[in-house]
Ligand SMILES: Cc1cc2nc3c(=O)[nH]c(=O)nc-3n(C[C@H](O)[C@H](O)[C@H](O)COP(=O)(O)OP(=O)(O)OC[C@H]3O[C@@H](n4cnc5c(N)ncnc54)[C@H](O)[C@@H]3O)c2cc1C
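Have a look below at one chain only, the form predicted alone, in structure tokens format.
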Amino acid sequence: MEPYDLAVVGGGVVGCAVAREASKYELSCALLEAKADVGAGTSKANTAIWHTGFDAKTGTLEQRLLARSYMLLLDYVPDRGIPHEKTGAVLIAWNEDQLASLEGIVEKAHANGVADVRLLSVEEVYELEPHVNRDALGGVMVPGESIICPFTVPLSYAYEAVMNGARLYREFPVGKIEEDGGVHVLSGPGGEVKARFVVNAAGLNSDVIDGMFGFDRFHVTPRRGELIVFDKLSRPLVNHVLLPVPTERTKGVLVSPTVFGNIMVGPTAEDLEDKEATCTSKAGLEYLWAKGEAIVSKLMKEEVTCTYAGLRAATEFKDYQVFSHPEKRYLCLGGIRSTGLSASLGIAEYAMELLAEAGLSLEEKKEFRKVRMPYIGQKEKRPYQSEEKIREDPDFGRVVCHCERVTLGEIRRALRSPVPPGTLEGLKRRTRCMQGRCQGFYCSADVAHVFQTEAQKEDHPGEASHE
């Protein structure tokens, strides 16, 4: 096999964004993902907030790429049908020290180019959020903050990358990288892939991949974030993303709506050694419960749908660890932490600029195929509500997952997409099946039957809705 022009290591939201950006050009690209599906690591378990970058450290690479990506996503997100809601965020001060810091937060936001951020009086806080506890002292309004589907974003990038010629390798953990005659040989249990240029977007393992190129300049410490998700009946209690005053170490625990109609509380911020420790803990959930009681005590009387935990790729540094090495034909995108989704398009654009400077030839393709993603949010019409969809295909009227109203047609469409799910977990992220109140107790057998039946059929690549 001829070497690829580019290999991207890591199929999270950043790696998929880079592969998509690369697929705009006349070059061959391989996307290598260690797990069974794209977006199956850090990208699937974040707080699902589309950040403006108002509170990023001014002048950092993170702040610059967040600002650029926000503008790019303003077009991309609605054009691709990605579930999102521009709720805005209310940052609340609960003590005198936090109240005194609010002016500085607004000044930083303005310095970062987010000019619509403004102070709120305590009366305005309660007008916007009548259900929060009555001991707030003041706040800050951030109109541009939004909620977004964390699953659909990396999937849309991956779909477009594959539809435009990128080759996806799943279950391909890279264990060794060697050079052979000017070509990188990336090998592991999944075999070998050769490429002239390599982008390291390996998230939690970005320091490991960086080490394979001979560097020891940052270390990823998994930072576990646990979250509690409340039932959809709680949704009227919160109108905006409720933000805490951030600290040097973490953005803190927030209370936020989701595009699926729930309310969530989290995340925690616990540094661990184990890069697979995605279980929740008694201490973590008790901590979140106390935080929720202190912010919206009414919410804590509602039913809990589920709890989950994710790991962020934290390092000892306060900024992204991006390094370009033209002499090695290697680009490192490490330490992306918790803003990967929001900064993803900005990071991908910047990555291609650095690769071009390093000698990768970029000739833009005459045609780029776009995707229109299946809508899995709560705000807009879903297939089971559409007479037109059901007339086109009666399977869109046959509900399989009753908690989330997921139809047989949606499941089959996901299984025939440009990047079909390899597992039931992947199917959940594409359709919302088994993510509702019963957490798959009633529908998992039916979903598994459809999954297995479709898997036995001939492949149907590219049957997802696309242009």
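Start at 1 and count along the sequence shown; that's the residue number. Since we're looking at a predicted model, the values are computed, not measured.
Keep in mind the form predicted together with this ligand is missing from the figure; the text below concerns it.
Of the listed positions (Pro257, Gly340, Gly346, Pro383), a single one reaches within 4.5 angstroms of this ligand by any non-hydrogen atom in the model of the complex, namely Gly340.
Contact annotation: of the candidates Gly144, Gly310, Gly81, Pro244, the single residue with a non-hydrogen atom within 4.5 angstroms of this ligand in the model of the complex is Gly310.
When this ligand is considered in the model of the complex, Ala89 lies well away from it, no heavy atom lying within 4.5 Å. At a distance threshold of 4.5 angstroms between non-hydrogen atoms, Asn46 is in contact with this ligand in the model of the complex.
Mapping the unseen interface onto this chain, Phe172 counts among the residues with a heavy atom inside 4.5 Å of this ligand in the model of the complex.
Taking non-hydrogen atoms only, Val132 never approaches this ligand to within 4.5 angstroms in the model of the complex. Only one listed stretch (425-433, 53-61, 409-417, 38-46) carries heavy atoms within 4.5 Å of this ligand in the model of the complex, and that stretch is 38-46. Along 5-26, these residues reach a heavy atom to within 4.5 Å of this ligand in the model of the complex: Val9, Gly10, Gly11, Gly12, Val13, Val14, Gly15.
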